[in-house]
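This text opens with one protein chain seen in two forms, each one given by itself as structure tokens under the names structure 1 and structure 2.
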Structure 1
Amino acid sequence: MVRFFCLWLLALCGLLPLQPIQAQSVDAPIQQLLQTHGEIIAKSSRKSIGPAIDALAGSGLPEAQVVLQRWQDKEMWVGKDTGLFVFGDKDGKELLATDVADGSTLGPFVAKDFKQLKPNSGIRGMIAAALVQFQLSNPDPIVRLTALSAIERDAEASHLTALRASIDGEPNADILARKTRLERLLTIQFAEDDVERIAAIKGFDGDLGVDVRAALNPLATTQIVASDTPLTGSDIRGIIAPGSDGFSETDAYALLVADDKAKPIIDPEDQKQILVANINGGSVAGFPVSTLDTQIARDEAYAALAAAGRADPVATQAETATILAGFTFYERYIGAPPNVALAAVAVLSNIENKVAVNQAVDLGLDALSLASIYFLAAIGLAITFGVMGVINMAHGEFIMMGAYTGYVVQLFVPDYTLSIILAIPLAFAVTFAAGVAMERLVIRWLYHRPLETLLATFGVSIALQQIAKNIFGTQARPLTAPGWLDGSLIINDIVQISYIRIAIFILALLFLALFLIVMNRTRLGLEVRAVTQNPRMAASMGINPDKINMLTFGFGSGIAGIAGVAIGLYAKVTSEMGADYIVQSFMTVVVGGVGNIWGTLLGATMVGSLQKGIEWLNPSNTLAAQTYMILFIILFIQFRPRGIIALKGRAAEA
């Protein structure tokens, strides 16, 4: 109050102006333009404000962008007596004003002598659309990209002209491509010339972008109309018969009723209630109640009521077929002029065909990705079960141990790339040792006794799960992938695959190569193959089958641990994670061929592809998809009990 009183006193003494009349650039072009449209600007009505905004946006004045921006931000004021416009910042009862032309300070004034322009949301939206042309030509590429994103979210017809004007001077090739694409999309939506729209539509032939389909689908919109006379014209797509293409006879009759071309059908229960309400002296419209025991009789009684004006006229079920036969139903284009709609339909048809092909490719990549995960999970089992003939129900827990090993390593090594590199050999060492211990303590006493082996390893599985719960708890633990594995390889809007899945696929190939090298190029592999083919002959040649069994079981368990690290990057790490892969692992080995690495690879591909295919057919029920897959595997084994590639040797004989 004290400050305001002092200012008012200075104003009375002539030391402080009350209005920005003399100091302001009254003759500035921007002020003159505002004065020309001053009345409608001050009124701020959305219905009438358009010409003022368009005049500012199209004036070419360098101050126009600032004026529009400050107006949008409710920072523009107009003098009540002078009608001159200023930028202002209200501070209590005074207004700190600046010139709209050059931004110079005009001084503090009494705020009540000015009217603040407060555009509503509709006007602010119109101003925002006008500002786009300035943003599209802004020297800062980030500003230009932001403007393009804003147009993509909420395009308007006014954006098309501004976008076209900004294309020629665009220096950035990527932004230019984006502008050009967006200009074609806006041409499809807002251009008045059908020739331009058709040319833009044809330019997107085969384009898989979701934005293209979003722009074209409304143009191909049709409406079903009924006529009792033949309809011709370019807007007629064709005839649609009731009962076909998802257009039922009920839908067709409902359309006739909606168009007042047929009487409505009454529900039988509603009909009964109306008949009951009109019982008079034991009869309804002259029909004895005792005779209304059939639908035909009730229809006749109701028709008599309708004829007497005591009920609304309706059609009986028997009449609907006759009424429908008197009309032909047509599909008519309503989304755009016929030539534009036909062009959109043709392009959409080609796009849909290409979409179907790409969806098949994407499904194939998903199947290949899942197959690589199953192969990683099953490759260790292919050794312990396929080569040694040991049914190891704790195999999933070795996968779990490997994943938890990776988690523990990341607790001490925060660099995710380095931690994964360290976790892979460490997981192999941990699970190799666990496998050797299990073979020495349990498995070695149960060879050639599959039922006892199954029960014993199942017990070990439960014990290992409980130990993991006691140590790590029941909550899922994070095994974080390195930053360079974030995101996906995007081929187009349909086909994409995450970098983690690509890494798992590459790791599966490395495992395959490692296995082949070990089995075919090392002494251990030679001895394993010898023991597999003929253990007695191998023993007579100086090979210790007991030692080979121990190392083989440990090797298979170690590979399961490494697989756990890879799978942990993709799936949740919990004490039960192994149970999610044990069934698929056994199916992979059995289907592929017990003890054959190439069979395991083929089995993983078959199981992964089958599961993805069934999930695609039944996407809402994953459990049902797995059930169908197991049933198919059972049927497959009935016809090929030894799998795709049968093993010759001990496993085959077992």
Structure 2
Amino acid sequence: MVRFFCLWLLALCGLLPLQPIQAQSVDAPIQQLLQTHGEIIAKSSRKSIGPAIDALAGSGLPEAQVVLQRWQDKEMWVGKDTGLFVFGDKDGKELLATDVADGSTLGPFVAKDFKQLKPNSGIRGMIAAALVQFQLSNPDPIVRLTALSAIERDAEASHLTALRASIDGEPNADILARKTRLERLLTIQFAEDDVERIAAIKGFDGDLGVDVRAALNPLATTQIVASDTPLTGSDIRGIIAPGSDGFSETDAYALLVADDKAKPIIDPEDQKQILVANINGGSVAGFPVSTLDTQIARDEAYAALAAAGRADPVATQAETATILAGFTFYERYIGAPPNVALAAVAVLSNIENKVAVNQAVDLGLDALSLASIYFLAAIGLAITFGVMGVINMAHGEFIMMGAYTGYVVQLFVPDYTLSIILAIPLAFAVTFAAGVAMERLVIRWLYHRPLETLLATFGVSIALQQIAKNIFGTQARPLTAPGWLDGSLIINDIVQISYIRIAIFILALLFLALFLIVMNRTRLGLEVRAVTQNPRMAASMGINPDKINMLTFGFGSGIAGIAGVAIGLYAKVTSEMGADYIVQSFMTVVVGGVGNIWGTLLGATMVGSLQKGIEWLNPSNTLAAQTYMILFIILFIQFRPRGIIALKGRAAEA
């Protein structure tokens, strides 16, 4: 201290090359503090810097935050001769210095007389951690929230104290809740006192947050240890047998080798290297090279080498088994003291049960939304198939036409909400027209020849797909949903559903209602039902079956078009998108039972939940899920050839 004071005097006396214009407050507490740790600060080593940062952070000085901040930003300089710390801003060869205590301008100096403090990234991280406590109490709520997020991402033991200190003065209820929760989590991870930790752990029983599981899982970590004497102790979770799930005999043996409890085994490749290295005059340890074409012969040759001391002894297959049998393998908690670990395991298992339930709910919602998509895709098909007995293989292409209509509308109408509102009726109109045209030109010549209809509509499907490819190219085109459909409805960390899927679900319900109203409440529906049941009788009562068929087909196709817009919103729009849905749509209709809208609904639900269910069983492989689903449906048809809701009575028997 005296030394600094002398220096200051010297400076005052004009002995320094460039005098400060204004007196530097050398005895300001912050400068004093810095000087106390001056050497380690100047040394800037991550290993030794800790006390300096802690002292600054814990000083309670109001300037400490600014100092830490600017230090972190590499804006702190130290006078080469004076050893005094200043904030500096280098401008060419000059350094504009300000006081660390009050920020007053000290004036320009020659830059080379000062040394810039350049904390490395490790030190900057430590400074940032130290800064947290200031940020947590910052008057600006955004700063506080940012700090909280930073801790949540990457928590450290030191944060716990800072966090606890900041809780009392927190004015904002939301932030307070977050802070309290975070404090509990940090307590679990970093608190010294086990009782405190266990209390915190139990406090999270049944909490679905991912953060809770992230905090608890490390505590429940186990390690496998081998022992030839029985191990007891509260940290032993239990015995694990080699060869059981996730712990093969090879793993067990490798563990023994790593613990120097067993001779190593040799990899055939390494063995080969050693044998090759020991080839001597066409033989290895007396075994001619040409005989070494089996693993057994090689093992013998290697054993001979080992016996001669020219290779490390290794365990043979038989030996490994004996050695393994001599050890028992235990799982031991290593993440936390046993009582803490057990508490964590108990809470985790409760949480996992609850997670499973919620995952089932989430899966159910997924299945429901997939079912609504299949329902949308299949409803048009069900109409044409059920009412007219016509298989329309080009149905998928009508879906595609609807989606491309939406895409084209968006090219002209940039507002997404408006364009979707426009696209839906337009898609209906386009595909209705296409359907009517197809009915007029192709299908009505082929009534009562279902296989021919199937084939002719194939032809149309092939042609339409290629035309779309020629016009729009092969790459996927976007059909963008309006902004208000972005995002998801989040119920908790596990159960959430995107708004688009909700919209599709609602659309599916609307279609169901529309269909029921049209069929049961309108003249058209009455006539359609009449034609379905007895076309000749209907004709004699003045209904024109030709017209009805045409309108029905148009209606079915039009719905396919709208389904196309809906599907395009959440999937890609390509020329092949129709083909992607056609088989599932047929499955839906066939499984549900032809000629009944409720059947289609059930069929869609079944196909959708089945697919999601199988995907859940084998999440890595959606292709396999589809394969198994189709196989299941083929088997299902065995037992209910006419679908879930079969037409009964003589009509079905005929």
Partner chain sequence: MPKDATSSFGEKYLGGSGGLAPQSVGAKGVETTFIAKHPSVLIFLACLAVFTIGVTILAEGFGIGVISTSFVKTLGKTLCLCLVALAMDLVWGYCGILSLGHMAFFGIGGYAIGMWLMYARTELIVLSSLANAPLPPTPDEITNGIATQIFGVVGASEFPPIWAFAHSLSLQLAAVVIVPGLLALVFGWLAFRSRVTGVYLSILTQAMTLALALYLFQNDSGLRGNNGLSGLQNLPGLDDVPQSAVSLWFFWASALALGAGYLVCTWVVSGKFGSVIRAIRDDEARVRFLGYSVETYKLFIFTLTAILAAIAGALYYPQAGIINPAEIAPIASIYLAVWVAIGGRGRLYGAVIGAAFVSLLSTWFTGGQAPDINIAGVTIQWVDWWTVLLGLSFVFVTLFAPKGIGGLFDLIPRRKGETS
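Please note that residue numbering is based on structure 1, beginning with 1 at the start of its sequence. Computed from a prediction, not measured in an experiment: that's the story for all the values here. The term rigid core refers to the most C-alpha atoms you can superpose between the two forms while keeping them within 1.5 Å.
Checklist entry - Since only one of the two is the form predicted alone, can you say which one? => result That would be structure 1, which is the form predicted alone.
Item to check | Rigid core superposed: Leu510 CA moves 2 Å or more between the two structures | outcome: For Leu510, whose C-alpha is compared between the two structures after core superposition, the shift is less than 2 Å.
Item to check | Core-superposed comparison between the two structures, Asp207 Cα displacement 2 Å or beyond | outcome: No, because once the rigid core is superposed, the C-alpha of Asp207 moves less than 2 Å between the two structures.
Checklist entry - Would you say Leu479 moves between the two structures, meaning its CA shifts by 2 Å or more once the core is fitted? => result Not so; Leu479 is displaced by less than 2 Å.
Next on the checklist: Once the core is aligned, what is the C-alpha displacement of Ile49 between the two structures? Give it in Å to one decimal.
Outcome noted: Displacement of the C-alpha, rigid core superposed: 3.0 Å.
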